[in-house]
Structures are given as C-alpha cells and as structure tokens.
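One chain comes next, on its own, written as structure tokens: the form predicted on its own.
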Amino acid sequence: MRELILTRQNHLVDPTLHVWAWQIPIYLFLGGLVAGMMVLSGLFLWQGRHQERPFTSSVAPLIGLVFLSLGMFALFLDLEHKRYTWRLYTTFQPTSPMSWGAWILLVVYPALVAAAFVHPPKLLRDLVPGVMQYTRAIEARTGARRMIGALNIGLGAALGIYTGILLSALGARPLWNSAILGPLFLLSGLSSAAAFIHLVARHVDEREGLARADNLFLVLELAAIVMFVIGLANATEAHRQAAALLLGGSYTALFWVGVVGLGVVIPLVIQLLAVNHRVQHSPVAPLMVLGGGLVLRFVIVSAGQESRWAALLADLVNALA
C-alpha cells in the first residue's frame, strides 16, 4: 500500500518503470561524441594548429553534423508527441535543462559549419563553390578564426555537460541525482572523440597526438567514475541502494567489465604502450573506448530507471507512524 500511495511504483498504477529505451542512450552517446569533436577542433582552431590536424579541424566538424543529426533523430523517435516538437523553440525556460538543450542543439549546427569552412576538405570545396573565399577571409583575420574556435569549444563543452545534466536534473531517480554526471559525460565524449579520430585519421602525427590526448581523457574519466560511485555510496539510503546496482547488483558486471575494464583501463594500457612505441597503434583500443562510451550511457540510463526513493519514503512513513 505504501508503494501504491507514496511512490506510484506499483504494477497496478504504472505498468513499467522503464520509460526510456535504446533511443536515449544512442542520443546521449552521439551528442557526447559530437561535443568532444567540437572541443578538439575548436582548440586547434583557437591555437592556429588546424593545418597540423587536418582531420580534426576540417573533416570532423562535417562528420559531427551527421552524427548530431542521427542523435537528434533518435531523440525524435523517443518523443511521445512528435508533432509538437517545434514548440520547444517558441520559448526559452532558464530553469529547464531540456529548454537549454534544445537551444544548444540548434546553435551547434552553425558553429560546426563555420569550423568546417575555416579549413574545408576537398569534398566541401567541390560541393560549395566559393568556399575558399570565406576560408581566405577567415585566415586573414586571426581574431575571427580564434572566435570560431572559442565558440566551438564553449558550445561543445555545453553540449557534453548537458547530456549528463539532462539526467542529473531528474531527481526522482537517485542514480542520476549526482553533480558528477555532467562532467563524466563530457570526459567520456572527449575520450570517444579522440578515439574516433585516432581510429580514422590518416596522418600518423595526428593519430598519435589524439591517442596521447585520449590517454589523459581516460584517466580523468576513470577518476570521475570513481567519484560518481563514491558519491552515491556515501549519500542517502536511496543513493546507496542505487549504487548497489553497480556494486553487486544486476549492472555490476556490465559496468565494471564493459565500461571500466574494457572501455577505460585496458585501452588506456594499450595506448600508453603505443604512444611510447612499445606496441604498434591498432584499431583495438579506440574501438574499445567507443564501445565503452556507448555501454556507459546504456548502463546509466537503464540502471537509473531502476533506482528509486521507495525505501527512503517507506522508512519515513515508519518513523512518522
């Protein structure tokens, strides 16, 4: 009866607790990946090193447009009232993470296009006549190039953090109710972006540079994961029960083996050996990083929907009775 009255988490009231399916983790992963590519390409533009990193600075923004569109399509599939999506853009609610996210996603598109035009790849030069005039105008103005770089860094960071805040703002799920979730998703996005570029870029120097950057991102991501779990385990009883899903519960193996082991620790070891020329660079480590980033979103979204405040509310009722 307490479950029915206090929390609505009863099969007679709410048939299922899993409202979000595969679309949301896919959207969060692709959004984080694009965010990471924006930060990296923006950094090289701001530093004036975009010609040293041709894939990151010219091709990655174009791929980002494709990935972001796929992610938004996955999000659109999850919407219950698809015909009214446009209403998100008729207002702006400063206290709503979803309102912030909707507008961030909108302004990311022109920022990606502007970054691609600074150092356009051959495909873009062939498709858009006159693009080199824009490029020469930007190159002649260092301030304009740096502004585009800073815009991509800022919007990329906002997009990456937003993918975590979208969940952490939903306080009804204790597993998501953590301030670490935004930085964790941003670091995971940066790591996934560096791994993706390491996987597909042609220039050896660029691939090795991104592998070195990815090692730093993986170390920081591992630290964020540890802080996330420790924070949950040392909070309220509801948060401790949420942490138990990852510490002996149904998501333990997938989280610690699939995310931490195969997605962070093992590729970090492989890439440390590779950048120190102990082993050859291979697709194995970046593919593991990308897989780990995807599994992280699935675990957090699924486990979060299983976490709840029911036990804490029941204890409160007992105390008041």
Partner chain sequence: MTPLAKYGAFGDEMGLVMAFIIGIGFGFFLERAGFGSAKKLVSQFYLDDLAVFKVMFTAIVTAMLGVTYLAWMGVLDLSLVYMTPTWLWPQIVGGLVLGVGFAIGGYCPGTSVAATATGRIDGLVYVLGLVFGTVVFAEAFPLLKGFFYSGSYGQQTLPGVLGLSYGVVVFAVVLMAIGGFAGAGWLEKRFARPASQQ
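Residue numbers count along the first chain shown, from 1. For clarity, every value in this text was computed on a predicted model and none was experimentally measured.
Another form exists, predicted together with its partner chain; not displayed. Remarks below refer to it.
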Can we say Y251, V257 and I266 each have a non-hydrogen atom within 4.5 Å of its partner chain in the predicted bound form?
-> yes
Segment assignment from 160 to 168, 97 to 105, 76 to 84, 241 to 249: heavy atom within 4.5 Å of its partner chain in the predicted bound form | 241 to 249
Does its partner chain come within 4.5 Å of any heavy atom of V284 in the predicted bound form?
-> yes
Given that the partner is absent here, does L290 sit within 4.5 Å of its partner chain in the predicted bound form, heavy atoms only?
-> no
Do G261 and its partner chain come within 4.5 Å of each other in the predicted bound form, heavy atoms counted?
-> yes
Look up in the predicted bound form whether Q280 has a non-hydrogen atom within 4.5 angstroms of its partner chain, and give yes or no.
-> yes
Partner-contacting position among I63, I270, L43, V295 - heavy atom within 4.5 Å of its partner chain in the predicted bound form = I270
